[in-house]
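Shown here is one chain on its own, the form predicted alone, set out as structure tokens.
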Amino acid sequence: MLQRSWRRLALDAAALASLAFILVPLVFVSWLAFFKQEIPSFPPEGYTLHWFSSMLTQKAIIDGFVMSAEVGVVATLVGLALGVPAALGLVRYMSWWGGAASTLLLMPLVVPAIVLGTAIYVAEVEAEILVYGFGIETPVIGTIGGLIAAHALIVLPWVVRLVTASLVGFDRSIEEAAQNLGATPMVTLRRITLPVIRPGVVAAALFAFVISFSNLELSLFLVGAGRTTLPIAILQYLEWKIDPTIAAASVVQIAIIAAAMLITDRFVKLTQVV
């Protein structure tokens, strides 16, 4: 019993150390956003909210925030349009190819982000060459469409996982009862299935938006000239200047992501899918 107690204590200590290692940078960034002095130093000379108003005067940050939000919303809608039917197919019509299809859909989670960004960039370059080969002058690289397509690819696995988690405990006898009363498959899907799994769909939408909104690696490869997302705007600002303005922008981003995660966990427990 004593040996087991020591093992439990060691495990708790390791978990606490890991949690502190993850949270300490967030704590320091959030603390820095309220420093009074322009050049960060310890101890702080005082505290102010000035840097949050200063953030609003930075056009690159505001434009990056708007673009990240727009791309995130559209990529989320595309991910839902593809992911919800995919999850229904995997759960309802599982066959010999179901495992391979599930692995393929989750592949973007396994591949390192920088490798995935490089692969998508090369694929879009080749697609543009192919399009030009047919005499169609349609750019692919650096367009909003190409960026949205890449973001939709990385949010798709999370949509499939969250919706699948809602479908696993679904009682299909409700659907059968509706169809016995004369409902068509589409009516059953629209009036029975989707309302029941709505929490999973909402959670998938929120999580997908967070993944797209905070993505840096893909955007670095695919963003066009004169355009920028919020993570890229923050990175570019740090190349030339270090002051609490960028910490304030990071705090806003952290707050948005944290709120979305809390709402997502309210609908579907993240421990079931992460």
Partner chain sequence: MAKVEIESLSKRYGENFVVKDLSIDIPQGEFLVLLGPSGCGKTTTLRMIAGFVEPSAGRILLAGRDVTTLPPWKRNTGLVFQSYALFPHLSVEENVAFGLEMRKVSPAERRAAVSEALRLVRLEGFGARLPRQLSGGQQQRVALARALAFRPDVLLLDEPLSNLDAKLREEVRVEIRELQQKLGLTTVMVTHDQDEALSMADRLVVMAQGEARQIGTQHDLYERPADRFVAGFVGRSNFLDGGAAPDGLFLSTGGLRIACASRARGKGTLALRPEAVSVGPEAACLDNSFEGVVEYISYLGSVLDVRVRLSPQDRIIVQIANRSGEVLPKMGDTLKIGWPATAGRVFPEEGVSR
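On a predicted model such as this, the values are computed, not experimentally measured, just so you know. Positions refer to the first chain, counted from 1.
One more form of this protein should be noted, the form predicted in complex with the partner chain, which is absent from this view; the next part is about it.
Peer 1: Heavy atoms within 4.5 Å of the partner chain in the predicted complex: which stretch in 148-156, 192-200, 67-75, 112-120 meets that?
Peer 2: Contact criterion met by 192-200 only.
Peer 1: Exactly one of L106, V187, L82, A127 has a non-hydrogen atom within 4.5 Å of the partner chain in the predicted complex; which residue is it?
Peer 2: Of L106, V187, L82, A127, the residue with a heavy atom within 4.5 Å of the partner chain in the predicted complex is V187.
Peer 1: So, V91 and the partner chain: in the predicted complex, are they within 4.5 Å at any heavy atom pair?
Peer 2: No - in the predicted complex, heavy atoms of V91 and the partner chain never come within 4.5 Å of each other.
Peer 1: When the contact criterion is heavy atoms within 4.5 Å, does G169 count as touching the partner chain in the predicted complex?
Peer 2: No, no contact at 4.5 Å.
Peer 1: Using heavy atoms and a 4.5 Å limit, would one call T143 a contact residue for the partner chain in the predicted complex?
Peer 2: No, T143 stays farther than 4.5 Å from the partner chain in the predicted complex.
Peer 1: Would A177 sit within 4.5 Å of the partner chain in the predicted complex, counting heavy atoms only?
Peer 2: Yes, A177 sits close enough to the partner chain in the predicted complex that at least one of its heavy atoms falls within 4.5 Å.
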